[in-house]
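Read the single chain below, which is given as structure tokens and is the form predicted alone.
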Amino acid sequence: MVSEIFEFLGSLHPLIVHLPIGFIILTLLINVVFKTRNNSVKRLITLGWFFSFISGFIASIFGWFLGDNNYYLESQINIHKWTGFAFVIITFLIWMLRALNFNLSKSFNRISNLVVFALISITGHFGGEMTHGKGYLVKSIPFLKQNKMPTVLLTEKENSLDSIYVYENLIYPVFEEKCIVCHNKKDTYGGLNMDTYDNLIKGGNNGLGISKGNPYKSLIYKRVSMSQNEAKFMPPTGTPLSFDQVAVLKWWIDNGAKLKVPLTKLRNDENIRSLVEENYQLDLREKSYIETLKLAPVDQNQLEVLDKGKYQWRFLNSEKSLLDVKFVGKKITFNDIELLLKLKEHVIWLNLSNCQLKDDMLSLISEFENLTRLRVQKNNITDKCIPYLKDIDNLKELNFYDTLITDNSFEVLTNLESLEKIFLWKSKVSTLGIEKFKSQKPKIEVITGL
């Protein structure tokens, strides 16, 4: 019950934290605007420092509760936390000095104002990075080039990007609009017919239309990419090919100019991928397992097993088919885990942290076939529990923070092909063991603390 109260108070931090920001900015403005300092103004400024301190103190306490929920890494939260505490201490000292009627010089006022403003700015900035991600300040700056990620996909092809082809869906429609009216079976200007793939490759009187792998020996590419002042520039009338269309044509030729090149091949080239995503309103990201998972909505009757005060849960998708489940009791039992088996295909994230979990209880984990994230931190579990994880095919994140696992666990963890991130700080694994694991699995992110 106590932990639930602390978790609730922690959730209020984002709300409370705006109060000290408002109070200190208002206080600093009064300090600057009112040049004449009569007793009323002085009392108002002193009151402003008091409210800045007391609201900052409450926000920092609530923030401590939030940070203690293991939602953030220490490396993420440290600067935000300690600058916040520094703000509270300094506002308290300044309030006390003013309340005790110390004669504070103008230079002291200026310096203290600057220091407090800097602290609230730094604290707020790093809090913003924790919430919105790094670089959040520049994401919306006008005229600054951004790597935008359109969410619009070709709706009729939505179920399979592999069914969309570079030539068929991106290149040929451009040729059909701008070229084929003059280069077809009936009108073969320059001996060039572009109405079929084979004829396109063959070219016309002046050479190969497409030289696979070499755009600069490809007659068609040379004609559409040369200066518009050249007599041989194509098309001679109408709207030329855009920069983006020429870039896609070049990429296609560079990569062998094959008839059936799935659009997904563009993922390997960041430059052309971004261009295509932005200009063709496609989303070429390689979808995560969760995004590709199609399940029926959870039966509301099944959810009753979670409404017994031991679990918190939420849906991870709008279709209400994927669940994030957390055990919130003090001590978990076999029966508690068995309750979840009724929902085993729907449980995607599972949090069994700090609940006196035993090794053998994880023997049921292999039943959760769609589990991608497992958190078992702050339990006295050992290497004996690790073999139970080997049959979970889609497990991407493991949290073993503050457990008793050792280097012996790496023998199984190395064979988890889908694993992407693992938390090992405050465990019994050695630095040497971690380095060996990293050398074997360089793509897995290993979190070992500061």
Partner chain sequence: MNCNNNNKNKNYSRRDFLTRTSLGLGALSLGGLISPVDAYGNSNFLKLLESEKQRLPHFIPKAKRVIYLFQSGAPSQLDLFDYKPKLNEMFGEEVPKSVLGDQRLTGMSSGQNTFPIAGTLFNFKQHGESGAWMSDLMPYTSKIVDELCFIKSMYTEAINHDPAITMIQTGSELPGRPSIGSWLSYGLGTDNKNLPEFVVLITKGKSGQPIYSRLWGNGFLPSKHQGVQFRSGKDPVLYLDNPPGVSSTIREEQLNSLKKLQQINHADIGDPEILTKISNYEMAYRMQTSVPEVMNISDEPDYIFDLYGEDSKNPGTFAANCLLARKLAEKDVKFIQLYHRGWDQHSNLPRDIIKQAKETDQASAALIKDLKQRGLLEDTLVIWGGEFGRTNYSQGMLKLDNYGRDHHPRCFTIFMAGAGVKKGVTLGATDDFGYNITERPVHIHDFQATLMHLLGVDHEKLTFKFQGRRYRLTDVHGNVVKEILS
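Values in this document were obtained by computation on a predicted structure and should not be read as measured data. Residue numbers count along the first chain shown, from 1.
Beyond what is shown, the protein has a form predicted in complex with the partner chain; the following relates to that form.
Within 4.5 Å of the partner chain in the predicted bound form, heavy atoms considered, which of K384, K42, K390, K421?
The residue from K384, K42, K390, K421 that makes the contact is K421.
Counting non-hydrogen atoms within 4.5 angstroms of the partner chain in the predicted bound form, say which of K320, K342, R267, K217 makes the cut.
Only one option qualifies, and that one is K320.
So in the predicted bound form, is the partner chain close enough to N399 to count as touching (4.5 Å, heavy atoms)?
Contact check for N399: yes, within 4.5 Å of the partner chain in the predicted bound form.
Is K212 close enough to the partner chain in the predicted bound form to count, meaning some heavy atom within 4.5 Å?
No - in the predicted bound form, heavy atoms of K212 and the partner chain never come within 4.5 Å of each other.
Is K106 one of the residues lying within 4.5 Å of the partner chain in the predicted bound form, judged by heavy atom distances?
Answer no; every heavy atom of K106 is more than 4.5 Å from the partner chain in the predicted bound form.
Q377: heavy atom within 4.5 Å of the partner chain in the predicted bound form?
It does: once the partner chain is placed as it appears in the predicted bound form, Q377 has a heavy atom within 4.5 Å of it.
I need the one stretch from 368-376, 87-95, 199-207, 166-174 whose residues put non-hydrogen atoms within 4.5 angstroms of the partner chain in the predicted bound form.
Careful reading of the contacts points to 368-376.
Do any residues of 314-328 have a non-hydrogen atom within 4.5 angstroms of the partner chain in the predicted bound form? If so, which ones, in sequence order?
Contacts from 314-328: R314, F315, L316, N317, S318, K320, L322, D324, K326.
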